[in-house]
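What follows is one chain in structure tokens, specifically the form predicted alone.
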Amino acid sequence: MTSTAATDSPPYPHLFTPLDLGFTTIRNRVLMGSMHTGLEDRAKDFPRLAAYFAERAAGGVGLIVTGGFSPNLVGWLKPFGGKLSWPWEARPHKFVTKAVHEHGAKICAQLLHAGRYGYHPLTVAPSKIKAPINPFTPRALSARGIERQINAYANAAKLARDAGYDGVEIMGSEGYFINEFTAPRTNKRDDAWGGTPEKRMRFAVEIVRRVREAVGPDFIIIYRLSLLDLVEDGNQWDEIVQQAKAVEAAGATIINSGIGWHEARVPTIVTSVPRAAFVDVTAKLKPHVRVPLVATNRINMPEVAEGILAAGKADMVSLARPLLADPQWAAKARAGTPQAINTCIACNQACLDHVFENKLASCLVNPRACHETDLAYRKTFAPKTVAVVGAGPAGLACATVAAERGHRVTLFDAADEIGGQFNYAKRIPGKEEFHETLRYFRHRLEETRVDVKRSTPATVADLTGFDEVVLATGITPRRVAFPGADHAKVVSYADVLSGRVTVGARAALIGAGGIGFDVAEYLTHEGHSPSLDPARWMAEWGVDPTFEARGSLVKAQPEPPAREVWLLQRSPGKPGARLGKTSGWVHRATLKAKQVKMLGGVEYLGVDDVGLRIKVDGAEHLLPVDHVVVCAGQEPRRELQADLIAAGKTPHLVGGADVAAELDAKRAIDQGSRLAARL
């Protein structure tokens, strides 16, 4: 891709066309979607929140939507979470709005009432129905209580205007409070607020109408409408269209697409979801409304966004996690340098998983996200020569950050390509996005002028002349010790994912952590992954491609497994229990659909020509497998450490060379980046 300066037309013309709303204009079609970070919950964190948003505004985004703020106490996401119901709660927001406006972007505060998803005992809902993902049962609201909730929204919107926001987003999707009113699944009322589609949507319409009355005509109101509930007894398409028309008439400026409830058993944002998988439902709504529509979910590169807009399927595109990964996403797209974008790989490990664990959100590929004030890559006044050994995620992060700061960096790797363990991960069906991270690092190595020595195993003699030596040498797969462990059919996961071994029709995997699950997915899929084909993916997960069915759910039609697989773990309990909170269930459901037999509490008795002998609950079993794939952890590679110390060097250890637990790219990139920031 050539730069904008070298061509007569911009590379993504639709993406960077201003959007005229009548009373105001948004400078382009990039909306930074709402995402809770943990910085919203305490006033003392608002300067950090301002720095986080300011960096994205400076990076060229057009419109920002904050994480959710409850309009009242009962709407809290969690006790003492972000709330906007009193004037003194609005004051800290001025840090945020001022910082964003200084960089030419606009910003809306999201008003999010958690309803039955609130993690506290004060929750309220249209009906007394507990969410399957929450231990708290909500209290059903009276008619007077409903009026109080509507007034709370209007009050919060007025406070947002006072705080300097350009508008608000009213969260009406994802199974939160308003969505609970619109869906028969959660609204069992028979009064003026339930019983028919018109009465169920009345709550949403009244909120938009009264918010508009409170803020006046020159204030953006985004309504986040659930276009796909993806739950049983969700909304039907004709009801969704009716809702869209009604909220438009009530005063909405923009309608943003909401996809899936949090309790849905269909994934909507993990990396195995195809890019722009749900954009056609936004396009289906477009003929029915006049206000701009926003497409969302798994739009992570500018060519995808441009294609959506050029085809007329939406008027804006929403990117949340992609702007965690790269705050300069819009500027790089405008400059015609998409190869420079640090692409979101939709892993959820440092963003959503952190939020659900009550940790501050960040990003696996960009550890500065939400840490802009404490992790800075400042230019050094004392450049050093730095040797980094190992071009896996930790080494790549360390080398490029150190070089960005002005150090003279040489990167050694024994392999002929960079990436380390990422070269295995990118081969897993549904993890194709990992290719993008390696593309980004290849660009960064060139951009920061790192001297890369591939196919070069570093020796102590190579390293003693450097001021600093960083060992990012990674791991070696752990071997197992039981009778027959040296049998020809016992192989490592690295042998399988590298292509050195072709696994037979039946396989047993020893180790049911992240690696074991990845290898199981690799072995049970054949050919191209459904993640690259939205039609196949929707069939596998039971999503109605016409979006006409109630909740857009139909019978799932998983493709048959390519192999018969047993996934085994020594520890008792359910395999995969320690996988990521927001993505682990997807992996477990995928393997269940592929008929993988998952067993915990396994004792390994041995391998012979017949197969793998195991004992479970005191009973012995023979698994007649062709291969036994060992996925039972790793050991750190530190061969150079002792010799370097003997030679008078004190090497730094990062990534797997430091801690070789379950492969952890999040920790590796963070550790490598933070070390480079200190050198």
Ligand code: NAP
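Please read all numbers here as calculations on a predicted model, not as lab measurements. Note that residue numbering begins at 1 and tracks the sequence as displayed.
From this point on, the text means the form predicted in complex with the named molecule, which you will not see here.
Among heavy atoms of H587, some come within 4.5 Å of the named molecule in the predicted complex. Using a 4.5 angstroms limit between non-hydrogen atoms, R478 touches the named molecule in the predicted complex.
Among heavy atoms of G611, none comes within 4.5 Å of the named molecule in the predicted complex. Looking at A632, you'd find a heavy atom of it within 4.5 angstroms of the named molecule in the predicted complex. The putative spot formed by K431, G511 and Y604 is fully lined by the named molecule in the predicted complex; each residue has a non-hydrogen atom within 4.5 angstroms of it. Interface residue among R91, K78, R570, K597 relative to the named molecule in the predicted complex, by the heavy atom within 4.5 Å criterion: R570. Screening Q349, S173, N187, S531 for any heavy atom within 4.5 Å of the named molecule in the predicted complex leaves a single hit, Q349.
Residues with any non-hydrogen atom within 4.5 angstroms of the named molecule in the predicted complex fall in just one of 135-143, 155-163, 213-221, 512-520: 512-520.
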